[in-house]
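In the form predicted on its own, a lone chain appears below as structure tokens.
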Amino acid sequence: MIEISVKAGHAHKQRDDAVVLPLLNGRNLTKSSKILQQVSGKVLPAFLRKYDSTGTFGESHTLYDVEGIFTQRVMLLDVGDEKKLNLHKLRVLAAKAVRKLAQGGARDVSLFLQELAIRGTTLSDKVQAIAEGVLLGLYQFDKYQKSNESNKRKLRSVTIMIASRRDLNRAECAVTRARAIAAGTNFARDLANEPGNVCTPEYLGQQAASLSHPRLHVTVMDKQAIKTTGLNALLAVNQGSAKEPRFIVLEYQGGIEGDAPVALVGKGLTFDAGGISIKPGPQMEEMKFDMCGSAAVLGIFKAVIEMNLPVNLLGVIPSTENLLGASAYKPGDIIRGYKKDISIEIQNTDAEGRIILSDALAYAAERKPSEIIDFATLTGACVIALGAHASGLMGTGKKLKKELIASGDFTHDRVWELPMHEEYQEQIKSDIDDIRNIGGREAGTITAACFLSRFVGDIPWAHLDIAGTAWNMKGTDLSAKGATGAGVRLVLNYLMNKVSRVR
């Protein structure tokens, strides 16, 4: 991770390889730019007069060796209409600037983006957003690529410039938060981007166990321990795989002793071929991403322990592959999982995520958490309904859902609530046992949530279907193509708000 620091100072006095200055509406200079202009003479106004700037958001123009200042490059970054700016756009601006400068060989960069006026935000909000944009925007998963750029100059530091030294402490705290949040998000991305032959259930367990903190306890159950515990739904899905399953439990006691924890449950399908109900061939390689729910849980834990967040957390991850084999579970099978009083008819083996989550949710609920949030790349229907721009939100906890929606708006890791009317439960009724694992073509995302609701009892619960947001093979504003870390920033913000209210 590159070095990020905060400093108070003027643009014309910086000795970095580049300074980045905002440009409003393609023409108007901000305060820092005007001060630099006074030192450099007519360079900036002459450039703006002659250059055909469209004012397009994120467009940049780089001037080299401007007379009268120390820096090698001055990047003018179009922010469009300042009245339309928000924190997400600030993250994107920071990401775009550092990516372009890194590609050009800049090593040390100063950003003067904090001076942009964004309604309803504080200095800390803006500094955190800028730092997140830098750290998330520079992320790449290139572990398996041969590189011919070993001698290329690499970006090593970014300085976020602020107006007053009196604000340094607040700004530095914001950078510390951003660093932990980005570390958690990028950890989740790394896990999800690994190929399925590397990121097996065993590997996922090892990565969970690698998280270290005096108040964190991690238990990784192997197949025998899973049998002993009675997690039979997980074992059923695992039957077609040569790789043993894992059931991962993380317990973090950062809050008041005895307080009920917030439970985070993540689907950990390290590869999903659909089982007997096999998926079509095109894009099946992307099914390595079916464990993005578990990656989100681990990413949140990583960030929480880095921040020493004073909260009690319980993490539960069921992990397996869903493959074809002589022993694979079949359509028509009836299973009883950890919650013994519910029998499940299997009508489609490719609806396996809800099967393994039934064990995990029942296990979590038995430990009496204050609330449960689960993360799952659960349904293709959610991709059709919401695309890649919002995760589906369903559940029983009204206050919990409301606060997650607010955190989604703040972080731009957005969610959209879908209904769970009682009538939808009718679709998963079985003719031969308690429930079946699919509810037909209609409302597939909702009926999947209805299935999960049978295993949480009366505990406030929120289900996040991240099937459309967990990965993007075209890339996003804050990510190279691949895993996005969906859910990590969302729930971290929710937890930090929860801590602030308690304090």
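Only a predicted model underlies this, so the values are computations on that prediction, with no experimental measurement involved. Position 1 is the first residue in the sequence shown; the rest follow in order.
Another form, the form predicted together with a small molecule, is not on view; read the next lines as being about it.
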Which one, Ile335, Met221, Cys199, Ala381, lies within 4.5 Å of the small molecule in the predicted complex by heavy atoms?
Ala381
Please pick, from Ala467, Leu478, Ile446, Val456, the one residue with any non-hydrogen atom lying within 4.5 angstroms of the small molecule in the predicted complex.
Ala467
Note: the small molecule not shown here; in the predicted complex, the stretch from 235 to 243, 128 to 136, 266 to 274, 292 to 300 having heavy atoms within 4.5 Å of it is 266 to 274
Does at least one non-hydrogen atom of Ile435 fall within 4.5 angstroms of the small molecule in the predicted complex?
no
Evaluate Trp461 for contact with the small molecule in the predicted complex, applying a 4.5 angstroms cut-off between non-hydrogen atoms, and reply yes or no.
no
Ser430: touches the small molecule in the predicted complex, heavy atom cutoff 4.5 angstroms:
no
Contact label in the predicted complex: Ala351 to the small molecule, heavy atom within 4.5 Å:
yes
